[in-house]
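Okay, here we've got a single chain as structure tokens, the form predicted alone, with questions on binding and movement later.
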């Protein structure tokens, strides 16, 4: 397979060095307006960039000590993390903080200099609706299967999944299942590839993946590939590089990755690169960003593109990290 990729035109080779430099440059653009417009994504962005660098085989491209300092500077007394210093704590930024600290093996720093694992676990557990089993994103109460998955992701990495009612959460996921095999953001909502990932991954973490109708779901997911090789998130929508992760990881979890045209998808992702300045965009010719850069690279990793480290299809983190943290 590796030999076949070497025969691709140069413009369809992964521009690894350019992508590394692009990610390294993201925190140096503080004189740009867009930098401050995206402050609410700062901790998430660090997770996206760091994970991409590890998958690209450059785990030391960002300074470890400064990374730890920044993450801990975002933590609140209640254990949760905000998107940046001074921002309110939120489930999504808390999950990113846990993923970052796990990836760079810094849970000891969380214990010694931060509020500790137990306080983080308590913050997350307090966001569960004990009646319905689902989770809110923050104290204001918006509920979403993204937050349920995030809770399972972070708590399992911390070894604290027992703090929440797993059975109730699983019941909620089952209630979000649709006739087409997919899952929506809430019971009765339209199937969407992003929500399918969160539900299937959460069920996998809970050891309940057997509840998924793999054949029916696999059929729906495989139909997300359209002309040109890219994947969309639901019927009649345009292709987008990020679905190279949401769709493909779900197919990987249910053993149906072979139901899509791998070569076509690889070609689509590589055409979305900026091979000179680095980064990957949603579609060819569009502006790059770190979100699509990560999910393009994770898609290529799942497709076994040569030179990339394996990504864990459940946690969206390097497999080596998950093996170290969870012992598997």
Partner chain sequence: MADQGGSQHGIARTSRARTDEQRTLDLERIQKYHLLEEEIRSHVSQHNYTPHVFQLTSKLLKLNPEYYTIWNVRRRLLIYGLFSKPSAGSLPSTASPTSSPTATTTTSSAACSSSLSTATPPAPGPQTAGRSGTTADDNNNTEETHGAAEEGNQQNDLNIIKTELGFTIPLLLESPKCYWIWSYRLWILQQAIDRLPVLVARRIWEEELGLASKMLTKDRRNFHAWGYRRHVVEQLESSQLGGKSMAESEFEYTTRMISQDLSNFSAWHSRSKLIPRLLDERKADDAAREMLLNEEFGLICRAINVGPEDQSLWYYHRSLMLNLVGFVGHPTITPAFSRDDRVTYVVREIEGIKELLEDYDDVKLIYEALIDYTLYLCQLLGRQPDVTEKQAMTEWLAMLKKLDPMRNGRWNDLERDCGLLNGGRRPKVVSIDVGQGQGQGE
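Note that the coordinates shown come from a computational prediction; the quantities given were computed from them, not determined experimentally. Numbering follows the first chain given and starts at 1.
We do not show the form predicted together with its partner chain, though everything after this point is about it.
Participant: Would 16, 64 and 313 all count as contacting its partner chain in the model of the complex, using a 4.5 Å heavy atom cut-off?
Facilitator: The answer is no; none of 16, 64 and 313 reaches its partner chain.
Participant: Heavy atom within 4.5 Å of its partner chain in the model of the complex: which of 226, 118, 163, 206?
Facilitator: By the 4.5 Å criterion, the partner-contacting residue is 226.
Participant: Under a 4.5 angstroms heavy atom criterion, identify the one residue in 158, 83, 71, 110 near its partner chain in the model of the complex.
Facilitator: In short, 83.
Participant: Does its partner chain get within 4.5 angstroms of any non-hydrogen atom of residue 168 in the model of the complex?
Facilitator: Although its partner chain is absent here, residue 168 would stay clear of it in the model of the complex, with no heavy atoms inside 4.5 Å.
Participant: Do residue 252 and its partner chain share at least one heavy atom pair within 4.5 Å in the model of the complex?
Facilitator: No, residue 252 is distant from the partner.
Participant: I'd like to check something about residue 95: if you look in the model of the complex, is any of its heavy atoms closer than or equal to 4.5 Å to a heavy atom of its partner chain?
Facilitator: Looking in the model of the complex, residue contacts with its partner chain include residue 95, since a heavy atom lies within 4.5 Å.
Participant: Given that its partner chain is not shown alongside this chain, does residue 27 nevertheless sit within 4.5 Å of it in the model of the complex, heavy atom to heavy atom?
Facilitator: The answer is no: residue 27 has no heavy atom within 4.5 Å of its partner chain.
Participant: Using a 4.5 Å cut-off on heavy atoms, what residues in 120-143 are near its partner chain in the model of the complex?
Facilitator: Residues within 4.5 Å: 123, 126, 127, 128, 129, 130, 131, 136, 138, 139, 140, 141, 142, 143.
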